[in-house]
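Presented as structure tokens, the chain that follows is alone, the form predicted alone.
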Amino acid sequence: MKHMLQQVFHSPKFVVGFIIFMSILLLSVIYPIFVTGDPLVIIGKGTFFEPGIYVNVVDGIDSQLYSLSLPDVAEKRIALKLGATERADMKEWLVAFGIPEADIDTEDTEALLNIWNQNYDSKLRLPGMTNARKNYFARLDASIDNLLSTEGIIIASKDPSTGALTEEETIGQSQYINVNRTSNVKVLPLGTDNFGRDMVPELISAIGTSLKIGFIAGSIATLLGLVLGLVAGYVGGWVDDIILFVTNLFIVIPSFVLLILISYSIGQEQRGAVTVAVVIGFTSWVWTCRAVRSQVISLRNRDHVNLSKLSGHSTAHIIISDILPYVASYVVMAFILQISSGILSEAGLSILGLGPKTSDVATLGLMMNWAMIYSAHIMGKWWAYFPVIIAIALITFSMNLMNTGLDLVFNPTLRD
């Protein structure tokens, strides 16, 4: 055993895959210990907040102000609110309104804003414009209002008796606050999802749940395939025929189609993470069973097996003691692939809306499903789906690397 482990950990591919996988696994285990709380709690009243550092506005106003003379302040503010996409959208509305395209220069910010302010009317609904598009232009107009203004923002208080406003102070455009001296600061490295939930704890929780589903599904599929393959290969006869018949039935019906039908028949309320994992496991054992059966058939007439038969050992003893050790390396490799397959199967089911019920836990597949339903990929909200894709890719890549490394160790034909 010690020599075998030394060989395994001398395989560069296995070591790289093992490090990547263990890093992901430890992150999903350790992070919730230090960062407690519900990973699905809604912290934002809105959808898809961009990644960044969020400072409470009231705390910002009440904090000490610092006047800094920094270059290109106005240009940076304009670039943030009026990028290439916004300029193109403004041109789209103006052309639809009837302004000649030649008169619109999207590169000249001042001229573009002037022609926009002179012609835009939020009450107009131009031909072919959807209500959602009309509302978008209204939001765009509000965001760029007074964009070229150099005046500060006036903070006023209202007199309760007269209702008159009294100026308290003016915040200039060159004034700043120190974020470290502000009490309410929230860092959102990956922003929020479509429900306004912090993506980081949600993603880590989803990784943990998907790994759990993968382990359960992989264990069931590997154990079931191993037992049936050992029995069919060693006992043979009518037992082998029955097991082979059932196996062939599962092969004829694509496993994913069978998985969809079973998941749909269970119903949304009964589909927890464990239930989905069990269903995946019971539909994924076929190729493990056939591979183990083939190896057992080649082993059952070996000399040491015949000697064990002559010694009067039981069938169970022969299978466990004389055959199982010879297929153990393949079983370990099959288990790794079954875990990876289970995670991918859950992701596929969840994207179709047949994964675990959404009110309980987050999984990598469910996060992809939410992002697709709310059109994150269309609106360019990459943080809602790209980290999920990276997580799935890293998990499956690491497990395939480990499997390839083990194959190089245990398969004599691949050794140098």
Partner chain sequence: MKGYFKYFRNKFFWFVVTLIFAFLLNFLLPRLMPGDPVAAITAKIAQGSTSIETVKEVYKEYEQLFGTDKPISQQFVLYVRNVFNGDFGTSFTQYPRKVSSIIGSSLGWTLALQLPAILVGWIIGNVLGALAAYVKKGWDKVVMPVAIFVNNLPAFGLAVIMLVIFAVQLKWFPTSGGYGFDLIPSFTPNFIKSVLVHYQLPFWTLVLIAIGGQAIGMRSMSIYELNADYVKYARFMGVPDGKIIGYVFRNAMLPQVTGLALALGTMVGGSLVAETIFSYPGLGSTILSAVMGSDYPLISAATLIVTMMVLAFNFLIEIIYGLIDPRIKAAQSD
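From a predicted model like this one, the values you see are computed outputs, not experimental measurements. Numbering follows the first chain given and starts at 1.
Not on display, but discussed next: the form predicted in complex with the partner chain.
When contacts are defined as a non-hydrogen atom within 4.5 Å, all of Pro254, Trp287 and Phe397 contact the partner chain in the predicted complex. Remark: of stretches 58-66, 24-32, 41-49, 376-384, the one touching the partner chain in the predicted complex is 376-384 (heavy atom within 4.5 Å). Contact with the partner chain in the predicted complex, judged by any heavy atom within 4.5 Å, is made by just one of Phe215, Tyr264, Tyr326, Tyr120: Tyr264. In the predicted complex, none of the heavy atoms of Ile154 sits within 4.5 Å of a heavy atom of the partner chain. For Asn248, a non-hydrogen atom is located within 4.5 Å of the partner chain in the predicted complex, even though that partner is not displayed. Using a 4.5 angstroms threshold between heavy atoms, Leu140 stays clear of the partner chain in the predicted complex.
Using a 4.5 Å cutoff between non-hydrogen atoms, Leu406 does not count as a contact of the partner chain in the predicted complex. Residues of 326-364 lying near the partner chain in the predicted complex, listed in sequence order, are Leu344, Ala347, Gly348, Ile351, Leu352, Gly353, Leu354, the criterion being any heavy atom within 4.5 Å.
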